[in-house]
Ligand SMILES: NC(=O)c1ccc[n+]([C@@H]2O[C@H](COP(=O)([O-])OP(=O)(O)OC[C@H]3O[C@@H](n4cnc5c(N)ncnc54)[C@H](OP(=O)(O)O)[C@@H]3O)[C@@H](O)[C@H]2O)c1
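Next comes just one chain, in structure tokens: the form predicted on its own.
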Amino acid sequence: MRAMQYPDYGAEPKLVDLPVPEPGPTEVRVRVSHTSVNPVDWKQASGKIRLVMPQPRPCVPGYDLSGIIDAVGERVKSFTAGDRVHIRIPMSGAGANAEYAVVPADHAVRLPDTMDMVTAAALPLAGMTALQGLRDVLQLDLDGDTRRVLVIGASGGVGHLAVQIAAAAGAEVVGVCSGRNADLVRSLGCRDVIDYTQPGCWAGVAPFDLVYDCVAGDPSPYLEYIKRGGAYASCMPGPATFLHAANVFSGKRVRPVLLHGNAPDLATLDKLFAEGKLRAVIDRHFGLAELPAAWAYSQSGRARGKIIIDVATG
């Protein structure tokens, strides 16, 4: 099978030919249709985060995929060959950017009939990060919550999904993005947009109950805009996130978002999609062999929504 693989940290992934893997007793093998790019892919490959997120080498990168099951392990009863599925591969492994991938059956979710393979590849990691950050860390009530929510990076991979999830819950959502993306984030459910490129853009916009930072990990610039008793969360936590999290006397909670991939949360995203409350914005498509170019585009910070790798056709 064709696969993208890098031999060691810092090396660019190259197209190689590898044996088709066989599923273990509790695994399924998926003929991959599409994958999506997440910043963790190229951050791990660089080696800069190997102390906290080590990666076996050589490595076939990628955690999100959609495709069709073509083989199941002997103990798997929940899937059969021909099932359309998507998955966020657990962080202990990778392997999405290949024509076939072996994945744990209990992490896979069968696609809704109306979901296309591109959307299915776009949702897992970014969607669950958005969901868990809002619901579990910021404690937004998905069954009805009218609080005011600020999403920083509202047009990005996690941010554009967080906007929709918060809006579906009934929150008053304000998005932070550049002016060129303002119409997009309004169409996703933002009542107001803050164009961070404009001087004085923060005047008169506060206060907020909840702030979800999908860009950086320093809450310092935003704490003054959060109500007492409110909360800030970052899905890209840095040292400042943990420093502020230790301050229990500020009256404002600061927490990191640490993703826990699981099938029930992916099914929750699928339900929102089936109800017409969630869609994936796709910026660009790349072929499998073009993975380095896709990573470079992700690193540029200019992507709106998700970047897709077309494995079956690329």
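Predicted, not measured: the structure shown is a model, and the values here were computed from it. All residue numbers refer to positions in the sequence shown, first residue = 1.
Heads up, the form predicted together with this ligand isn't pictured, but that's what we're talking about next.
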Would you mind picking out the stretch of 229-237, 105-113, 73-81, 133-141 that comes within 4.5 angstroms of this ligand in the predicted complex, counting non-hydrogen atoms? 229-237
Taking this ligand in the predicted complex, would Lys43, Gly156 and Arg180 all count as contacting it (heavy atom within 4.5 Å)? yes
Contacting member of Pro39, Pro58, Gly47, Gly287, with respect to this ligand in the predicted complex [4.5 Å, heavy atom]: Pro39
Note: exactly one of Leu210, Ile165, Val176, Ala121 sits with a heavy atom within 4.5 Å of this ligand in the predicted complex, namely Val176
Would Pro13 count as touching this ligand in the predicted complex under a 4.5 Å heavy atom rule? no
At the 4.5 Å heavy atom threshold, is Tyr196 in contact with this ligand in the predicted complex? yes
Does Pro23 reach this ligand in the predicted complex, with heavy atoms at most 4.5 Å apart? no
Might Cys214 be said to contact this ligand in the predicted complex, defining contact as any heavy atom within 4.5 Å? yes
Members of 250-267 lying within 4.5 angstroms of this ligand, judged by heavy atom, in the predicted complex: Val257, Leu258, Leu259
